[in-house]
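What follows is one chain in structure tokens, specifically the form predicted alone.
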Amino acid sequence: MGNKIVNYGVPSFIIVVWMGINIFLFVWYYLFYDRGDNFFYTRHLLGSALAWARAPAAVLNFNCMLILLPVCRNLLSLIRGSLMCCSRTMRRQMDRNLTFHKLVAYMIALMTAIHMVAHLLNVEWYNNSRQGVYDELSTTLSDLADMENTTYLNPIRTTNLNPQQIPLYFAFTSIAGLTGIIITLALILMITSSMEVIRRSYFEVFWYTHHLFVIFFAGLVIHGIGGIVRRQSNMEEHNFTLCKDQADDWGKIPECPNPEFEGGPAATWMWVLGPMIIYAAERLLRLIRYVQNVQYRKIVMRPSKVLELQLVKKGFKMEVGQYIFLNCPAISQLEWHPFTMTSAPEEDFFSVHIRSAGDWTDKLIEIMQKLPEGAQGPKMGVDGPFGTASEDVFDYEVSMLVGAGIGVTPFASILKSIWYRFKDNDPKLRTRKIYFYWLCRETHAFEWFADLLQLLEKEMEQRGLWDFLTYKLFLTGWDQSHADHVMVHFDEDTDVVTGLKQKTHYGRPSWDKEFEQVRRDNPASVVGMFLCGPAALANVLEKKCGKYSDVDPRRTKFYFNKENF
């Protein structure tokens, strides 16, 4: 139990608080509408479906207030920067922004489903009451606005259509009904296109459908204007406990004047206005950055169809492991794609390595391959940089870096920065040990990164710091001819694949063995585990961090960090 507190304590507490607020809002508003005296006549028409519709609406307001905040990247980077002097545990929560964004989205989907089903029942019961299907009181309440000097309770006022067509007519002609349909359709499209299989294979579909959030929020703000859920407004003049059984005498005796009703004011805008302004400021800042000039310093086509772009932008400053968003108008005016920077803060340019992984990247690589040598590439918009978990790598005494395939990019920045810091004898470097693991399916992927590792090998050797960096490269895919070639050159001093002194491993790491080794070599140390790789590997490593951590300050603790963007 104790080792889980190390990695899951704070995020679990945040989720418990969030869930507690959701439960409180649901219960509070359920009881408000289920017990409130001014909703007595409304409940008579709708029953418990009234409370079941309104309680989820309150939870929806709360979560719609939250949903935009985790994707306000500049806001998160600002908060992260302000926490640099504080606990790294709090900074790590900023790196779980997309996880929280998804949790909030799931809650919105669940509450929308409950809200929608309850209102479908409400419309049916409103219609039945209007047709006189139920008791005398329901009919009298539904007929109120047909008489002079009365206000309506039942929002269905149409009587000259086929009763079976009235609910559909009401849904498409009322503000609440029409906006409700639009909101629900937008939400369904956004959620379905966010599924992992679609997001990975058809990123453009995910990108464009996710921008339906503009329609979603516009409909959300308008949705409550119609005020179809109405309450009694003359409680003092019309006492329902006395008058509910005297519907025939309403307006005829002084004790029972006609009940008057009013719709509640639209409240959603008060919940979402602040986050909408913050997000609008985010987009404005992106536009400002987009128009700033970006120049190409170098364009290199690496093996395995990996494109390296070295860019220069006035006033651009970065930290290790940060990422940027790129936009190429020649491909699409609207699409922005995230890429981790592979350059170090000490360099006078910033670089990204882009792997062929979809329509946008394929088109960009195709454009760059057709350029004459030395020519500038197409206009490129750059938004960022934005903070990630890897920024904290030098805050740990010991760091474990794990990259899978192109996921090595944030660690290229880190290892380059280490090389510069050793070269400049930086006294602020507090990290005393780094373990680096890189998993690749094919040998060509190692080539563009081997040069950097060779530089580091040479630097460590000259300074007598062989123990500072331990790296292991794992080849997870090979054929028999490659295996035979390795066997022939096995006794050579350098690796046949990378040219490094450290030999390449074949297969996948035994993570239990690796964690045991790190814990044994670094007793009483705080170890930061940093991953840029697939979710399946993240699940494995996160569990290992929990398994091999101990709350005892005299023992080793592993903190899991994952790149999310």
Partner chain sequence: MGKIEWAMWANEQALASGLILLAGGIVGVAGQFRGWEFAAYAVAAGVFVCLLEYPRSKRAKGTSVERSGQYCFTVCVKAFGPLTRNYYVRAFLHAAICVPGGFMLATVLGCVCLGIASLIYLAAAIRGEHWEPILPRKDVRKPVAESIKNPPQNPPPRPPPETRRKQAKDLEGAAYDNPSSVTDD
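Numbering follows the first chain given and starts at 1. Just so it is clear, the model here is predicted, and its values are computed rather than measured.
Below, we refer to the form predicted in complex with its partner chain, which is not included among the displayed structures.
- Of the candidates 278, 79, 181, 225, 181 is the one whose heavy atoms come within 4.5 Å of its partner chain in the predicted complex; the others do not.
- For the options 270, 371, 195, 288, the one in contact with its partner chain in the predicted complex, meaning a heavy atom within 4.5 Å, is 195.
- Comment: 170-178 is the region of 347-355, 170-178, 248-256, 427-435 lying near its partner chain in the predicted complex, near meaning a non-hydrogen atom within 4.5 Å.
- Not displayed here, its partner chain is kept clear of residue 395 by more than 4.5 Å at the level of heavy atoms in the predicted complex.
- Though the partner is left out of this view, residue 127 does reach within 4.5 Å of its partner chain in the predicted complex, counting heavy atoms only.
- In the predicted complex, none of the heavy atoms of residue 296 sits within 4.5 Å of a heavy atom of its partner chain.
- By the criterion of a heavy atom within 4.5 Å, residue 243 is excluded from the residues contacting its partner chain in the predicted complex.
- Proximity to its partner chain in the predicted complex holds for none of 107, 111 and 235, with the criterion being a heavy atom within 4.5 Å.
- Heavy atoms closer than or equal to 4.5 Å to its partner chain in the predicted complex belong, across 107-131, to the residues 116, 117, 120, 121, 123, 124, 127, 128, 131, ordered by sequence position.
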